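Quick heads-up: it's one chain on its own, the form predicted on its own, in structure tokens.
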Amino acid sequence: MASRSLPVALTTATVLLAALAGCAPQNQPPPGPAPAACTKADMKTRTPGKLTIGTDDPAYEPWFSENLPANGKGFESAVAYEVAKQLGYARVDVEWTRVKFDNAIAPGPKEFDFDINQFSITDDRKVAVDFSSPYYLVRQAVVAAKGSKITGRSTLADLKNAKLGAQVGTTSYQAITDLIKPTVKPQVYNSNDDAKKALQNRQLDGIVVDLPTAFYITSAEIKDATIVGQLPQVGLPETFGLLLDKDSPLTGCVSNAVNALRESGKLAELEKTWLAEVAGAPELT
């Protein structure tokens, strides 16, 4: 998985407030070029007049649909086409290429103009590659076994009496203590694997993990598990960015496009459509 929970020790109130305002300052790239310089005619893409976008094979739901990135379905496919549109590229101008995750983040020239594949923005990775502005802030989610007493619940208050668990020292655990505040002391585990075993053994009503992990657990790991819902943001947010060649001349323009989508509310709209509604991860209020 590209994503993992972040240590609670990294959390600061200042960073959190800035993140909730719609950005992730610890990951924010330098300001991009003026929008006028980011036109299709001026963009130095791999193929003139075309925008080549990379992703993995297979490309998993709900980020993509049916392992067909070009169909425009799934959150990341939809984001990619909206970024292309912002840059002046029509749908027919977009070409997809398959690149394994590890190859994409490795140093060296790329076979794409940008890649979208749940790449968490980290300082270590930025040594080898560029990232755009974040297009997704990772949220925490509650996973329960089907038939659990919290399955189908819709509010934080509904989880007050639940027996919950999470990995020690993570924002997942912080989400339990700070947001849900259950009356039953939450269980702490050394790893998500230990928490999942407890869930499978019905020792817990639910576990809290980051949303990408929740998707993976319910789609590939635990057949009888379901996502109860997403929790409000807590702690230092982990973010996903579009990945580009190191020092790519396109990085600033792609960041401008992502920023425009965020400011217009389009990213939030796509997130709701493909991650909340289609993927069955509603907001817990």
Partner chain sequence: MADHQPSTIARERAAYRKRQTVRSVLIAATSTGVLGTLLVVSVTGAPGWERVQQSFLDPRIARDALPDVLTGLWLNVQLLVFCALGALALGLLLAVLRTLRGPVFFPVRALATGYTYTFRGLPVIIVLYVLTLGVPGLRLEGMPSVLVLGGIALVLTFGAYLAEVFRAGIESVHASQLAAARSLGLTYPQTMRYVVLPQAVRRVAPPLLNDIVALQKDVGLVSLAGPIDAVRAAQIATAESFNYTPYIVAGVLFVLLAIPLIAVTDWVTLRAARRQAAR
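Residue numbers count along the first chain shown, from 1. Nothing here was measured: the structure is a model prediction, and the numbers come from that model.
One more form of this protein should be noted, the form predicted together with its partner chain, which is absent from this view; the next part is about it.
If you check Asn71, Thr122, Asn161, Gln200 against its partner chain in the model of the complex, which one has a heavy atom within 4.5 Å?
Going through each option in turn, the one that passes is Gln200.
Val168, Ala106, Ala157, Leu179 - the one with a heavy atom within 4.5 Å of its partner chain in the model of the complex:
Selected option: Val168.
Though only this chain appears here, would Tyr189 touch its partner chain in the model of the complex if you measure heavy atom gaps against 4.5 Å?
Result yes; Tyr189 sits at the interface with its partner chain in the model of the complex.
Partner contact for Tyr173 in the model of the complex: its partner chain, 4.5 angstroms, heavy atom:
Flag for Tyr173 set to yes.
So in the model of the complex, is its partner chain close enough to Asp194 to count as touching (4.5 Å, heavy atoms)?
Although its partner chain is absent here, Asp194 would touch it in the model of the complex, with heavy atoms inside 4.5 Å.
Answer with yes or no whether Lys185 is in contact with its partner chain in the model of the complex, where contact means some heavy atom within 4.5 Å.
Yes, Lys185 sits close enough to its partner chain in the model of the complex that at least one of its heavy atoms falls within 4.5 Å.
Heavy atoms within 4.5 Å of its partner chain in the model of the complex: which stretch in 135-143, 74-82, 201-209, 88-96 meets that?
Stretch 201-209 is the one.
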